[in-house]
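Let's start with one chain on its own, the form predicted alone, as structure tokens.
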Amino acid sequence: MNIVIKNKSDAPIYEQIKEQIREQILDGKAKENEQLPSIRQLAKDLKISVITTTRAYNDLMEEGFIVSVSGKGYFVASKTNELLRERLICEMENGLEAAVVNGRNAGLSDEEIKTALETVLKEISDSE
């Protein structure tokens, strides 16, 4: 897990941690059921307070991105986790909305936008 804290950022440290872990989960860099560093280990690695890492992990659990397994630690939530699934669908819808707006701003017709989406889907399928 690669997390970089930016001291010059306006975002609080716990928010930076949360967003970076969230992005790694959404991007597939952190795999389903992958164990995360312990709260203490992450705090030690980043040279920050345990309270800060606890806040980030608690927020991620509330949002459905990670789960706590008693006595074992924290893990990336399963894709079947309903909260995570809803978040992923929401992210997809937001991305599609942005793509459609960008396409229309570029003067593309709905058919051209659909063709572009089909091309992207085919490219992703071919690379899997």
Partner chain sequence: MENAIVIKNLCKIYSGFELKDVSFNLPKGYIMGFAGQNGAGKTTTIRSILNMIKINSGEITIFGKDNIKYEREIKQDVGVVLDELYFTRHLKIKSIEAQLKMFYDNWNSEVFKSYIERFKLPYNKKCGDFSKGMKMKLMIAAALAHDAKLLILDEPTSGLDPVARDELLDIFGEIIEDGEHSILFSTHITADIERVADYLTILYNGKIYETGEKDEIMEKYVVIKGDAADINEEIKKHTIGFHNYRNGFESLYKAEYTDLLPDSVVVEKASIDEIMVYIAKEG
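Here the structure is a predicted model, which means the values were calculated and not measured. Residue numbers count along the first chain shown, from 1.
Absent from the display: the form predicted together with its partner chain. The rest refers to it.
Undergrad: With heavy atoms only and a cut-off of 4.5 Å, decide whether T115 touches its partner chain in the predicted complex.
TA: Flag for T115 set to no.
Undergrad: Report yes if any heavy atom of V100 sits within 4.5 Å of a heavy atom of its partner chain in the predicted complex; otherwise report no.
TA: Contact with its partner chain, no.
Undergrad: Under a 4.5 Å heavy atom criterion, is S78 part of the interface with its partner chain in the predicted complex?
TA: Although its partner chain is absent here, S78 would stay clear of it in the predicted complex, with no heavy atoms inside 4.5 Å.
Undergrad: Check S49 for me: does it contact its partner chain in the predicted complex (non-hydrogen atoms, 4.5 angstroms)?
TA: It does: once its partner chain is placed as it appears in the predicted complex, S49 has a heavy atom within 4.5 Å of it.
Undergrad: Which listed residue (N105, T119, S109, S9) meets the criterion of a heavy atom within 4.5 Å of its partner chain in the predicted complex?
TA: By the 4.5 Å criterion, the partner-contacting residue is S9.
Undergrad: Given a 4.5 Å cut-off on heavy atoms, tell me which of 51-59, 68-76, 24-32, 82-90 is the interface stretch with its partner chain in the predicted complex.
TA: Stretch 51-59 is the one.
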